[in-house]
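Single chain ahead, written as structure tokens, the form predicted alone.
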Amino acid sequence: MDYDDEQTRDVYAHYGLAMYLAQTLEHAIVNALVILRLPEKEKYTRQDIDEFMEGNFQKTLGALLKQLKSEISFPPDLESVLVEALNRRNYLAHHYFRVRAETFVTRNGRTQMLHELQSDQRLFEKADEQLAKAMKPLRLTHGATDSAYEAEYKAMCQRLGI
């Protein structure tokens, strides 16, 4: 494999990682919507929660953000990073390779694309981290502690045999 092939592969890999992190953010928003229902958790069954989550996984990132914003006030810095993440996710999903077609055929262009995609990855991670930080006091108040998350993770790993 020559350098151009490796670099092309790296662009695709970093694009894939950026989109994965965007989907992770989408999942975090759905989780935040579930956390907002914890004060009334006794009226929901596990099936209700699963159906609620599945219904929300069908929504776009923009629709999820709109719903979350209608249910909770964000600190201004969180709202701005979430809007930026939404815009970058939409650009990546709908326009990126078409707009970057000429850039993609040169080494310097691919290098530029790699830097952009790594920046996008950091943006999605930042948005996810800030959302988790904003939601943490509410989830802790209603029993969704870090130790409960850890126990659930260990149980999942055990079920999967890892």
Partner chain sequence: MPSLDDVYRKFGVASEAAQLLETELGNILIFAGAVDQNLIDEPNEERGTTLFKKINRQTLGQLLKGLESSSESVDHFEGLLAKALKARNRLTHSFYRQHNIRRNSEDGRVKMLEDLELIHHDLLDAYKAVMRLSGVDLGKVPLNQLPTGHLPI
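Numbering follows the first chain given and starts at 1. Bear in mind the structure is a predicted one, so any value in this text is a computation, not a measurement. For the two forms, the rigid core is made up of the largest set of C-alpha atoms that agree within 1.5 Å on superposition.
The same protein also has a form predicted together with its partner chain, omitted here; what follows describes it.
In summary, the region of this chain contacting its partner chain in the predicted complex, judged by heavy atoms within 4.5 Å and restricted to 25-33, 40-48, 130-138, 65-73, corresponds to 25-33. When contacts are judged by a 4.5 Å heavy atom cut-off, residue 92 counts as touching its partner chain in the predicted complex.
Under a 4.5 angstroms non-hydrogen atom cutoff, its partner chain in the predicted complex lacks residue 155 among its neighbouring residues. Taking the partner from elsewhere, residue 19 is found to have a heavy atom lying within 4.5 Å of its partner chain in the predicted complex. Looking at residue 52, you'd find every heavy atom of it more than 4.5 angstroms from its partner chain in the predicted complex.
Annotation for residue 153: C-alpha shift of 2 angstroms or more between this form and the one not shown, rigid core superposed.
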